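Only one chain is shown below, in structure tokens, and it's the form predicted on its own.
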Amino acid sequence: MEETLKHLSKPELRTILKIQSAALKAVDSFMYSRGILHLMPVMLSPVTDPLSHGVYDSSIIYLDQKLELTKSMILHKQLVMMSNSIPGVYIVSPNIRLESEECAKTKRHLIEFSQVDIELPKASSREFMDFTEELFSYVFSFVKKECEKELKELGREIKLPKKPLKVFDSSELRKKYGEDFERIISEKEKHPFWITDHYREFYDKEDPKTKKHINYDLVYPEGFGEALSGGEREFEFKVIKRKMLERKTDLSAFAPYLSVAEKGLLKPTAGGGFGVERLVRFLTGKEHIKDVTLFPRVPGEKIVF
């Protein structure tokens, strides 16, 4: 408890919160200028992101119905995009992912965090990547201008990304650096960059010819690691069901979603999500994500407040 009180009493928290406020204002301004609509978050649902890695169960029982705390709003974004009138959506969504204690070693994982989740209709992976590069350039420029004093206090210089960002293929990086390729190349690079073709959840599109995965991760340089994860989305029922079976996904848990897909109502989209706390950590140059979080929920650590 004493450590928590000491953390909340740090004078630099005002500085960090000013930078966070500026970054979120920049996100809102950019989205509004592009006509992207702001949705309210969904925090409980019978279906949520299955994730490509295991986490502890975070479901609750309410009136005899099992509900999941939201891990991400990927499935809900797809459902909203069924409407042809929606030009694109974003949400600042609270996410609960009860990660294993091992994740604390990365210094960038929290079991409760906020994610800016975005989905665009009929967008290709390259189109979404271009959109994201413009968004991050706008955010970096805005924070650099509006928070000059705060950045100076922290001794942090924000370098504006050079567009287009570099793009790396995950299989090539794996051959060169091994399974820890993301950390290694993040430490080497000076600007944010993309890594493509990741094997993960059923909803990320797969090229039927090459079998490559049409998805992408935006990664911060200087060893800060993953910023954004996303991809083009599967929307055909047969493909979704096949990929669920391949990944040993419980079909019954996603029955409502599968029913919508079987009716042919899902549309081609592309999207992604980035963590607010990770963004603020990078902008401020802090060593650990808990340094920029008022009430940090670090995997394995006791929660006081």
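In case it trips you up, residue 1 is the first one in the sequence shown, and so on. No experiment lies behind these values; they were computed from the predicted model shown.
Separately, the form predicted in complex with a further copy of the same chain exists; it is not shown, and the next lines address it.
Enquirer: Since exactly one of 217, 182, 117, 99 fits, which has a heavy atom within 4.5 Å of a further copy of the same chain in the predicted complex?
Expert: Of the listed residues, the single hit is 99.
Enquirer: Non-hydrogen atoms within 4.5 angstroms of a further copy of the same chain in the predicted complex: do 44, 260 and 303 all have one?
Expert: Every residue of the candidate spot has a heavy atom within 4.5 Å of a further copy of the same chain in the predicted complex.
Enquirer: Tell me which of 75-83, 158-166, 200-208, 230-238 has residues with heavy atoms within 4.5 angstroms of a further copy of the same chain in the predicted complex?
Expert: It is the stretch 75-83.
Enquirer: Tell me, yes or no, whether residue 94 is in contact with a further copy of the same chain in the predicted complex, where a contact means a heavy atom of each within 4.5 Å.
Expert: Residue-level check for residue 94: yes, a contact with a further copy of the same chain.
Enquirer: May I ask you to check whether residue 135 falls inside a 4.5 Å heavy atom distance of a further copy of the same chain in the predicted complex?
Expert: Although a further copy of the same chain is absent here, residue 135 would stay clear of it in the predicted complex, with no heavy atoms inside 4.5 Å.
Enquirer: If you check in the predicted complex, is residue 177 within 4.5 Å of a further copy of the same chain, heavy atoms only?
Expert: Taking the distances in the predicted complex, the answer for residue 177 is no, it never comes within 4.5 Å of a further copy of the same chain.
Enquirer: Residue-level question: is residue 251 within 4.5 Å of a further copy of the same chain in the predicted complex, judged on heavy atoms?
Expert: The answer is no: residue 251 has no heavy atom within 4.5 Å of a further copy of the same chain.
Enquirer: Within 4.5 Å of a further copy of the same chain in the predicted complex, counting any non-hydrogen atom, which residues from 124-144 show up?
Expert: Going through 124-144 in order - heavy atoms within 4.5 Å of a further copy of the same chain in the predicted complex - there is one hit, 142.
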